[in-house]
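Starting off, we have a lone chain in the form predicted on its own, written out as structure tokens.
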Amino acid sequence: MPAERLRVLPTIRKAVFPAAGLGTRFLPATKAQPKEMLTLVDKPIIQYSVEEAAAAGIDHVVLVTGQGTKLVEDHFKINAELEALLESRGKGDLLAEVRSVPCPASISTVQQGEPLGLGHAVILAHELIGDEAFAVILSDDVIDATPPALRQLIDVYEKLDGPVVGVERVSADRISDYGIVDAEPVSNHAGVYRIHDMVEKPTREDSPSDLAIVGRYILTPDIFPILDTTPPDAQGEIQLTDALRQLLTGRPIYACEIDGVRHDTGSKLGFLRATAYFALKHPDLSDTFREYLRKVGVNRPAGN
């Protein structure tokens, strides 16, 4: 009897980056630029996620933008004039830094006139995504992980052939800030769960688990017709979670517990924590910055 042939899934090549939020928590800094372009040490926030996507094999970036479209898009394009100037002046180190910015093979943009929810942002990307599985990355969630967080989700998708949601365990006092999954472990797949339901911001008493949904998704194209018929919530937004709950009635969806360190840079405190974290990892800044923290009375073990 011939051996059963395994189904080979198409490679995940495209990633959607919703970037149309108003960034009101960071005003006035975001008055004339999207919050995704705020600098985290020496790179804009969104670059960390685009680097993660590139390392995971993504070659087509779809930006769903509001204000500042050109700022975000231009950052990921080759600037031949700047490179020539740096080279002519012998600024080799700076030239290397400029060339280290990932330049995906393809960058597309679509305008979201007003932020109407994550589900709405995904709907707008449909024409550019087409009929294939794809990633969604919320760049506010900056994740330091090896292998990259998105690669971890893609590995689960390739093994189990289903949509995958990134999750992390949160403390009881933070449960009501997140969507939480009701899920059970998948045998022989450490850190992977089959989702039974998703509950948006439950109380700690009503929460089915401590596994919170974070800003990484692998979605299949059958999400689009569901999103098209998903009604807006009380705030007038189309929520991706609502569509995923509907998709659950027809196919398995999995959760991948991401192995890494996540920072929510969408809040001022989260942004400051991320700044300190990456400054302490920066080869040119770590020793000096750690000494500065000691001087101002902040004790942090070396290597953290």
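Being a predicted model, the structure only gives us computed values, none of them experimental. Residue numbers here begin at 1 and follow the sequence given.
Below, we refer to the form predicted in complex with uridine 5'-triphosphate (UTP), which is not included among the displayed structures.
Uridine 5'-triphosphate (UTP) in the predicted complex is not approached by Val110, whose heavy atoms all lie more than 4.5 angstroms from it. In the predicted complex, Leu86 stays away from uridine 5'-triphosphate (UTP), with no heavy atom inside 4.5 Å.
For the chain shown alone, Pro163 is not a contact residue for uridine 5'-triphosphate (UTP) in the predicted complex, no non-hydrogen atom being within 4.5 angstroms. Proximity of Pro148 to uridine 5'-triphosphate (UTP) in the predicted complex: non-hydrogen atoms within 4.5 Å are absent; the residue sits far from the partner. Stretch 136-144 is the answer when you ask which of 172-180, 136-144, 78-86, 220-228 has residues with heavy atoms within 4.5 Å of uridine 5'-triphosphate (UTP) in the predicted complex.
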